Structure formats: structure tokens, C-alpha cells
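Given as C-alpha cells, the chain that follows is alone and in the form predicted alone.
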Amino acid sequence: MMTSRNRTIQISAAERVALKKRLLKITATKKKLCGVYNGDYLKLIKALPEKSIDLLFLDPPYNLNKNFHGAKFAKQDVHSYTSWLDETLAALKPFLRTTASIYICGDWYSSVSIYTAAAKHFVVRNRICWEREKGRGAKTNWKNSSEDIWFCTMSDSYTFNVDSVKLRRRVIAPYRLTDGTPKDWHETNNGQFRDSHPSNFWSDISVPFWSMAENTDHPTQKSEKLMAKLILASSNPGDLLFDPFAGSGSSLVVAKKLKRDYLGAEINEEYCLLAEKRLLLAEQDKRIQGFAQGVFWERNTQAEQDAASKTKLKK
């Protein structure tokens, strides 16, 4: 149920009964699984064949004091958090294909632990820094308004679809060739744009907020646009994405919209039900805010996106 002012996804009593029935049940027979499991990921992976995961998205509790709808995570010293993360990666590693990619989320404080643990198990290839835009003001420190995503692979053989994750930017000072045609940019009735190759700094991401259809009450929900970049870059249709800390299901929902297989575990039932509802909604609406015409767009370009859907770009 959504109001005109607050579109946060809610679950009715009747929906709750139906959604619970959709949650995965683990059987003794190892078979192809797809969906949301309400429980510890360590139990779920026992039902998976080894080397079956193509893309691992890991958004663990950051090394902060945090309350996840009653489940509390307490801040640890750096060594303890690093050890916990190392154990998590070691448990998941046997289930990754040799061509798999891994993305691990964190903030500035947990990033030192992420690199230390990830480097023991994988090839660490890059660190993406994305601007959260939101953040509480700080009087005695710099405001925290960014987060990190570490990009790793199992080997030197991996998927990276660079042309699938280009960013469409406005061109302020466009160059033209000697014949007057645009050089590496597009001219439209609504402006001039260039499709740029993706960098490891993302300033076009918005944290889900009250007016977005994907918004839930999860305190650390990742946006569908952010997930789409990772999934399009590092997987192909039919590949399996696994999320051991699925939360309200952003990674699973986007995987479904982009025709990937998906499997997630989440210990909080309420978040599992939110994920299931979002998966149902994705069957009717496959749009991803900020991704249109096969490219990602800068913030505050909805009017241009709508116009571009009606007209073809002139190169």
C-alpha cells in the first residue's frame, strides 16, 4: 500500500500469508534454486552444488552499531571484523565458479578489512566509490556521504560487459569534426550527450527515498540502479547471482528484471517478505530508475530520459 506522499512498500496482512508461502524451503536433494530463503546463508549454501555461482554480491553489516529491524550488529575492532569477513568469504568461495566475479560493500572504516580479507581469496581488481548524496552533518569531522564497493574475481577469466554500463552525460563544451558533425557525442532535441565508459567513481546514484517506487523501510537498502550496474557488467542472462545478506532484495529484484537467475538469504522474515513482494512487482514492471535506452543517466535527467524514449539519437 502506498500513499501519494510516501511510496514506501508496505505489506498487508493478506499479502503476508501469501508471501510466506513463496519463501524457499531447503531439501536434501541439491538442485537448482531460485528465490529468497529466510535463514542463515550457511544453511542455504549446503543445498548448492559447488562452483555454481557466477556473481556474488556481498553487502554484509558494516563495522558499525546498527539495528536491522531488531537484529543488532555491534561494532568490533578492526582485527575481529576482518576475521569475521575472512570466515564468510572462505565459506562462500567453494561455491563460486572459476570465472565468477565478487562485489563486497563497505564504508571507509570497514574497507581496510574488506581488502585484507578479499586479497586472501580473490584477485582484487578495483574499488568503486559511490556518492550516497545523503548523510548527516558533522561538526568535528568530514560528513560521511560515500561508500565503497570492492570488485574482485576468482581468476583472470571473468565477465565484464563494458558497453552495457555506459553513463550518458550532458556535454557542456562539445567538439565537432571538420565537417561539423559531433565528435564522440550525440545531438538531440533535448540536449547534447556523451555515452562515457564507466569509472570507479559513481556520482549518479541516489539512495532510495520516500518518492521512489522501490523504497522500503530497510535502513541500508541499495538502489536498483546501483545493482543494475554491477549485474550488467559482471554477468550474462541466465547466470546465477547469490546474495547471502539479501535485505529487502534489491540485488534479486534487479537480477530478475535483467533475466539472471537469483538466490538470496536473509535472516529477518520481514525483509524476506518485502523482497518477495518486490519480486512479484517486478513481473509487471521491469523498469529501473536511472537506466533507460540501454544506458545509465546522470541524476535529474528524467525529462531527457522520457524524451529520448520517444526519439532516436542523431550521431
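Given the structure is predicted, the values throughout are model-derived calculations rather than measurements. Quick note: we count residues from 1 along the sequence shown, nothing fancier.
This protein has a second form, the form predicted in complex with a small molecule, left out of what is shown; the following refers to that one.
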{"property": "Residue contact check: V254 to the small molecule in the predicted bound form, 4.5 Å heavy atom", "result": "no"}
{"property": "is_contact(D59, the small molecule) in the predicted bound form, heavy atom dist at most 4.5 Å", "result": "yes"}
{"property": "Contact flag, G247 vs the small molecule in the predicted bound form, heavy atom cut 4.5 Å", "result": "yes"}
{"property": "N268: touches the small molecule in the predicted bound form, heavy atom cutoff 4.5 angstroms", "result": "yes"}
{"property": "Contact stretch among 34-42, 286-294, 254-262, 48-56 - heavy atom within 4.5 Å of the small molecule in the predicted bound form", "result": "34-42"}
{"property": "One residue of Q221, T153, S234, S110 in contact with the small molecule, assessed in the predicted bound form (non-hydrogen atom, 4.5 angstroms)", "result": "Q221"}
{"property": "Single option in F73, F95, W202, F209 placed near the small molecule in the predicted bound form, where near means a heavy atom within 4.5 Å", "result": "F73"}
